[in-house]
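To begin, one chain is listed below as structure tokens, in the form predicted alone.
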């Protein structure tokens, strides 16, 4: 009988999977590090300093300063989600990496947990590289913005779990475009990233807060980069933590059901 919310019995050996992915990542570290460095520059010049010239003030700040924390949040989302969808699917189906690892003393739970931890690490790497770029333009406040680094791992773990759930139920790699276009893209647009969430109708605001993880990540990163904490940050942090735990259990069990024939 298949169960989807059974607590996974993973062990510390999941760290070995993380190390394996880290080693592969470092073989092409020059390419992997340059992309998160260039991404904020492209958005800043195109939107912050380009489109922003026609937007004098938004919520009491320049448009470039408004979107800067959202760029970090979007990078956290994309790096973890795509690592645990396309990246994990390739390792599972085409490279047969999962089969090879499971042949060792590591369990399926260890493999999936290691993959999720690596997805969260990719988010941490992207956020850490982007912070000094944005700081160089004077768009974030220090030292409060440094708290985004540990936040990026937790938020990245959430998006990694989301991605792994889709990987577990996707029949083929081409079908991964559906969650990308139907979930990630709308979340990218309607989570308070490029305009205040308050401009949307009330029902959409409530729906975004209830169902879109990026809304909470953007809210926290914006508060940290502006050094303007509020009581709602605790609500967003608790939301991220609780949903991460639920989706972690679901992701591991879904993948276990898929891999065990």
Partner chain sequence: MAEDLTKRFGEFVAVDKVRFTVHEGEVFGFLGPNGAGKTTTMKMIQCVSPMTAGTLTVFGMAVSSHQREIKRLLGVAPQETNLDPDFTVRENLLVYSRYFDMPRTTAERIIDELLDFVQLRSKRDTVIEHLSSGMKRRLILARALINSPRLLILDEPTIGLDPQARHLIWDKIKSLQSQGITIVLTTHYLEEAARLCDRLVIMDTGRILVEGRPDELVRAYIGSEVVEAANEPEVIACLARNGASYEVFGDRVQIYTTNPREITYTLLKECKLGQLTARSATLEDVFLKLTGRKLRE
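Numbering follows the first chain given and starts at 1. Everything numeric here is computed off the predicted structure, so don't read it as measured data.
Below: the form predicted in complex with its partner chain, not depicted.
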| item | value |
| --- | --- |
| Close approach of residue 7 to its partner chain in the model of the complex, 4.5 Å, heavy atom | no |
| Its partner chain contact in the model of the complex: residue 100, any heavy atom under 4.5 Å | yes |
| In the model of the complex, residue 105 touching its partner chain (heavy atom, 4.5 Å) | yes |
| Residue 246: touches its partner chain in the model of the complex, heavy atom cutoff 4.5 angstroms | no |
| Contact stretch among 78 to 86, 163 to 171, 181 to 189, 105 to 113 - heavy atom within 4.5 Å of its partner chain in the model of the complex | 105 to 113 |
| Members of 18 to 36 lying within 4.5 angstroms of its partner chain, judged by heavy atom, in the model of the complex | 19, 20, 23, 24, 27 |
